[in-house]
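Take a look at this single chain in structure tokens; it is the form predicted alone.
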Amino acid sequence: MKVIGVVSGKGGVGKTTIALNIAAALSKYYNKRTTLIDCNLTTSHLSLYLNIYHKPNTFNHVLREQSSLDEATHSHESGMKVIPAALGINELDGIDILHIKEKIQQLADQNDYIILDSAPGLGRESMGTLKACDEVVFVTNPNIMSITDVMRCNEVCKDLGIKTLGVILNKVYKDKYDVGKNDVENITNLPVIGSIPYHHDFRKSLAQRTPLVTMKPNDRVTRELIKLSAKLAQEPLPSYSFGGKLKNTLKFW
């Protein structure tokens, strides 16, 4: 089992959207046993993205020893498993977020990948998530403020001895106002492993409470998300239909 943290130094960059689609793609397109866990306990969103906010058992209950991991785990049509966090502020009482690592180790025999959707920044929740990871990816937008936050987070990862896989640029407009891929790599000293265009289909997927990779499997943005998941899993791209033609693209990195 490999534990990958999806991390951002700044809120609002689309971290949860990326984590959700990575987990769904790993499961749907690569048949990887994948569990997505919402570790953003203070401002959790994952249950809202997937319309499972009414479920009685959450990761909060697991951390408080009030529920088992099995009871808090929900199956998704993509094949992934999801463990949401609670929405109520009162559900934060009595939780030690630093116990994340020991809890998720119980899932080792059931999963190939655990994807942790971290809280943004470098607070206690984020640090608990980082300490539970084998590897991390940073999600950022192509602007200097978000990229600077990646540099801070990467310094912490170095101190903790956590392997950094690279940077995912999200909400890319490809206009003169974006910081380009080469500049991001030069500033952060990290590879850009994915570049996800800004697209209104993400708003549609949020409204329909389903990951984009399952809602629109032939979408050009879905193709970029599948490429990203392939890189994380070190797998060739699957055969899939795009633009009415069958594609069978193998290694691209």
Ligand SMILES: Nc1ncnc2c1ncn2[C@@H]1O[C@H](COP(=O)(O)OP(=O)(O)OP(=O)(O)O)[C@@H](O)[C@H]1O
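Position 1 is the first residue in the sequence shown; the rest follow in order. Every value quoted in this text rests on a predicted model; they were computed, and no experiment measured them.
Only in words, not in the display: the form predicted in complex with the ligand, which the text now covers.
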- Task: Verify the contact flag for residue 171: yes if a non-hydrogen atom of it lies within 4.5 Å of a non-hydrogen atom of the ligand in the predicted complex, no if not.
- Result: yes
- Message: My question is simply whether residue 16 lines the interface with the ligand in the predicted complex - judged by any non-hydrogen atom within 4.5 Å.
- Response: yes
- Could you confirm whether residue 120 comes within 4.5 Å of the ligand in the predicted complex, counting heavy atoms only? yes
- Message: I'd like to know whether residue 199 contacts the ligand in the predicted complex, with contact meaning heavy atoms within 4.5 angstroms.
- Response: yes
- Query: in the predicted complex, which of the stretches 44 to 52, 185 to 193, 24 to 32, 63 to 71 has residues with heavy atoms within 4.5 Å of the ligand?
  - Reply: 44 to 52
